[in-house]
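Shown next as structure tokens: one chain only, the form predicted alone.
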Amino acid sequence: MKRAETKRKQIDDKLERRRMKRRKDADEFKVVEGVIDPPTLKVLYKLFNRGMIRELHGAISTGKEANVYRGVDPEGNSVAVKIYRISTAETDWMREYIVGDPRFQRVAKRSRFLIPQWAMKEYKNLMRYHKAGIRVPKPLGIERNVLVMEFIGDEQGLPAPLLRNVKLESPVEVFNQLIEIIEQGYKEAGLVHADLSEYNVLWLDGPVIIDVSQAVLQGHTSAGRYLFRDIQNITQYFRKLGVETEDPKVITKYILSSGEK
């Protein structure tokens, strides 16, 4: 009797795993279908042929401008593959952060040309942050609207959680770390993130800054305003965790003055 029940349970478990896999595959297909159009598939083939990636798995995260997938390089290491939407992209808001950037003399208007510029902007910003010693995913390669980066996660391919989903042992210490990162980004990398919040920070034995496509150079006309906004977002989040923070205006003023040449 017990043997029959055990056998029945094994069959039920197997059927349930199959149903879950079909649902998972269907969900991943919907995500991929909305991002990987034929031109992007050609870009991915180029990256495969160049030896940047050999496999592409499910989505790690989805966003308004791009999806990030876990890829595998030829050595078997996990990499992050960020694919920016082109056919369904809303690009009007992007121009605020790229027009006037001396690295892009001619800013395209049509999404099919603007999105590759936007992807290149994130690549360049990641490189500046990385060279300044700030923890970001190291950029590994770029082709049109596909950016390959260091994977932030464990050896089993599990991505690191967002800061907002982590229970911090010392919120005060982490708050100070993030303010130092903002200051270092401004002074050493010459950048203002311009969209920093608990949603754009991963946690892997400390904070890792992500999603830097909108980050602007120190000389941008709105750099000071964006800097204040970043600091305000961070202070608001940590105040909810019980941290007594300095006024964001005071912190912003200090960083701006310390960054003056």
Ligand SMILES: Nc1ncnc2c1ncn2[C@@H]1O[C@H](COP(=O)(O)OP(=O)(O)O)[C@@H](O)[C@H]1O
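The first residue of the shown sequence is 1; numbering continues from there. These figures come from a predicted structure and were not determined experimentally.
This protein has a second form, the form predicted in complex with this ligand, left out of what is shown; the following refers to that one.
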Using heavy atoms only and a 4.5 Å cut-off, determine which of Ile182, Ile142, Leu114, Ala80 is in contact with this ligand in the model of the complex. Ala80
In the model of the complex, which of the listed residues (Met120, Ile152, Ile98, Ile134) lies with a heavy atom within 4.5 Å of this ligand? Ile152
Tell me which stretch of 232-240, 208-216, 49-57, 36-44 has a heavy atom within 4.5 angstroms of this ligand in the model of the complex. 208-216
Kindly indicate whether Pro102, Gly190 and Ser222 are, all three, within 4.5 angstroms of this ligand in the model of the complex, using heavy atoms. no
Would you please decide whether Leu196 lies within 4.5 angstroms of this ligand in the model of the complex, comparing each non-hydrogen atom pair? no
This ligand contact in the model of the complex: Pro159, any heavy atom under 4.5 Å: yes
Closest heavy atom of Leu227 to this ligand in the model of the complex, within 4.5 Å or not? no
Going through 165-203 from first to last, which residues have a non-hydrogen atom within 4.5 Å of this ligand in the model of the complex? Tyr199, Asn200, Leu202
